[in-house]
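One chain is shown next in structure tokens, namely the form predicted on its own.
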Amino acid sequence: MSDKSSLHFNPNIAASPIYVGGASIEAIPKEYGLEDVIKMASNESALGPSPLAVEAVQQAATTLNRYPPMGDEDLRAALAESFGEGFEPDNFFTGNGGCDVLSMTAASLLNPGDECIICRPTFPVYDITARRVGASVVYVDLDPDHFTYDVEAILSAVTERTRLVYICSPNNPTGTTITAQQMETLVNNMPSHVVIIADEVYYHFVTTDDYPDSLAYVREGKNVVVLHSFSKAFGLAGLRLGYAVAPTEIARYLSRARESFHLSKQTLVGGIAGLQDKDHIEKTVALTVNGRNWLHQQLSELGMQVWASQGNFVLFKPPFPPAECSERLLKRGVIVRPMTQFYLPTHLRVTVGLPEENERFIAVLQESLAEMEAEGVPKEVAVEQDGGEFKF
């Protein structure tokens, strides 16, 4: 083995946390000897992709020997047409999934020593991408009981070094949202040197009347970048396609951070076809909202502490250690997501599935809880912290 002691590693990269995805549906059957496994851990679409998108991807696969288009003009034109309301292709920039868009944004708008504000518990990729470029992270946590935003506290935390404020709404993993009035207060009182990143990848599933119109701020030219994804309602998580909507000057600048040939032809045509299938989106949303309501009711009846969600998932707090609960569910062929990496080591998150998947989850959860109760599994959960920050 060669000596690596003389290499000069970037300390920001070396110190950045690594995002860990949910358990693989391919690996679980081999590990536990199961034949039938359902994954309800990664907020994927239960209904799957649009048949139009699948057909477009299959046709494009015959040209895999060719490089894809250098740019994404057709996709951005399709997005502008889909949104209407005066949006132009130059209001959009795309990436290899929403995480890539977040990485591009952090690399373009943060420098070493800059600050960004993150409201925990939330999506850990904000933290990861900010630390990777040497920025300092300032936490303005959500209310610990209701997971609501404290806009005044966010504004009070802004300094001359603040460059980004991340607002995830619906928030992953809590499913809660920022209100329209809160967003209005935040935008109108934010200094001009700060950009608000409004991560709204779950916006399709929102049913509350009090949801902000963040795109209106983009049309007004405010320093707001709205993140969307094709991974959720479109059911195209495997293609890796995300995008953001921003004032043209910001969007054009951020698009310069993309790699050459950053999207495959299959991704481009699949995204365009998915945009056109409005009926499929409506079916996906209806299925998800109905399933979400059912899961919330069932978990509540089981005595769980559960939060009303506006996403395609439900957060709940089991009476036993989440890692133990998750393991028992795994052995019964159901994958859910422990929330340790999302700053909530005492909680679990379950993705809304098909009706039969939701029913199976509740049934095996009941079995697991009864088993742990009979075995006298301790209900105390040890929370490991370091300097006030959860290790993840």
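Residue numbers run from 1 along the displayed sequence. Everything numeric here is computed off the predicted structure, so don't read it as measured data.
The protein also exists as the form predicted together with a small molecule; that form is not presented, and the subsequent description refers to it.
- None of 264-272, 76-84, 91-99, 132-140 except one has non-hydrogen atoms within 4.5 angstroms of the small molecule in the predicted bound form; the exception is 91-99.
- Using a 4.5 Å cutoff between non-hydrogen atoms, Y149 does not count as a contact of the small molecule in the predicted bound form.
- The small molecule is not drawn, but in the predicted bound form it has no heavy atom within 4.5 Å of H296.
- Contact check for F123: a non-hydrogen atom falls within 4.5 Å of the small molecule in the predicted bound form.
- In the predicted bound form, the small molecule sits within 4.5 Å of a heavy atom belonging to L241.
- The listed set F316, Y217, Y166, Y202 contains one residue whose heavy atoms approach the small molecule in the predicted bound form to within 4.5 Å, identified as Y202.
- The contact residue chosen from I118, L227, L186, L254 relative to the small molecule in the predicted bound form is L227, the criterion being a non-hydrogen atom within 4.5 angstroms.
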